[in-house]
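What follows is one chain in structure tokens, specifically the form predicted on its own.
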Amino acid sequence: MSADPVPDLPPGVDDGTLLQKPVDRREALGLLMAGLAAGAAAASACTPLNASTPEQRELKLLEWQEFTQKHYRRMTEAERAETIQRLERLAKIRHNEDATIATTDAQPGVLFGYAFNVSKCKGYRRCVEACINENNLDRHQDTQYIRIFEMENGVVNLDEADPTYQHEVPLEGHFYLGTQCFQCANPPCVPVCPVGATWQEPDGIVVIDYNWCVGCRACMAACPYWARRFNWSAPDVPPEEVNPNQHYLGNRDRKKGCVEKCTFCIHRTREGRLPACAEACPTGARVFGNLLDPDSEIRWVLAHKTVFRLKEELGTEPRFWYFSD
């Protein structure tokens, strides 16, 4: 069975292999269950078995619509607006959250990049804490997008480094190196996804449509930088700690059984702000900016510092550089 035509892709978005993929699980189940759902709805209208409250009935309807929704890149602007309204309503019913979910597109003339000053990082991990809070990461599983590795001076060996240290920092004779998603120009995680749930946006951010992720974790196996996280259960965030400023492709509510990752705080950076990790760094070790802007700080770093990238031999072309003073 061939895939149906995909209308109205956002400007500048390369459809890649998405349009050539067969009908996926959601489409197949949607076609199969549509008639059953209609029959069940008609039957429920004539039977007292459906005794749920109006809010419970609304929740079931919204969840069904969420399950059968189109891929984000296939949606028209009207469909996106309807989807966001539904997701915001689901957040209110499920978690009593007043979330505002943006769909801000990549801005023309912007390609994001990151640089990490190894000589300035002291291992405080304020960036980790800020990332957890900003991106509504699961507190129960202690999900973290960022890892700060402590290593002996002169040795770059992540296999032997410790990202879980609990002692006072900085430790004499050691240095600190942070990792997260590097938003590779040639991301190996993208082509292995069997349903096209992950792709790269024009501003370089690799994103995931959580509603379409089937949790196969092929992307996790393909990523050489340990950047992706799998939700073994529905993420747990105390209501009073939820960040209500969200993006469909970023820090919105995720579900059990899907993969997530750093998106350079897409809800912030597409509005002209720094990622939370860069803003929180007390030593100025993190440099973020537009690689296409010749006057940006990151362009100055790339022009005037000796930089290196992890595992360059793999050809992933990460847009995340390391340097020292």
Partner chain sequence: MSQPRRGIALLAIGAVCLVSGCREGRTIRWDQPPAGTAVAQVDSATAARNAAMEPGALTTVQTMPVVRWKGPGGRPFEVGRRSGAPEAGYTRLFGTITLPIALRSRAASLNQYPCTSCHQGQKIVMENKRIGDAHQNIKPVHPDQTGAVCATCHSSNDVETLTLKSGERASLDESYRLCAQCHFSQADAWAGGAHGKRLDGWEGRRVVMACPDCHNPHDPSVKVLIPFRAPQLERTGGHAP
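Numbering follows the first chain given and starts at 1. As the structure is a computational prediction, the values presented were derived from the model and not from experiment.
One more form of this protein exists, namely the form predicted in complex with its partner chain; it is left out here, but the text below deals with it.
Site annotation in the model of the complex: the residue of 156, 221, 185, 169 reaching within 4.5 Å of its partner chain with a heavy atom is 169.
Residue-level contacts in the model of the complex: of 229, 71, 86, 174, one residue has a heavy atom within 4.5 Å of its partner chain, and it is 229. Across the proposed site, 123, 143 and 301 without exception bring a heavy atom within 4.5 Å of its partner chain in the model of the complex.
Figure note: of the listed segments 127-135, 90-98, 245-253, 76-84, the one touching its partner chain in the model of the complex, with heavy atoms no more than 4.5 Å away, is 127-135. Taking the partner from the other structure, its partner chain in the model of the complex has no heavy atom within 4.5 Å of any heavy atom of residue 210. Interface residue remark: residue 320 is not counted as part of the site for its partner chain in the model of the complex, having no heavy atom within 4.5 Å. Using a 4.5 angstroms threshold between heavy atoms, residue 54 stays clear of its partner chain in the model of the complex. Interface membership of residue 112, defined by any non-hydrogen atom within 4.5 Å of its partner chain in the model of the complex, is confirmed.
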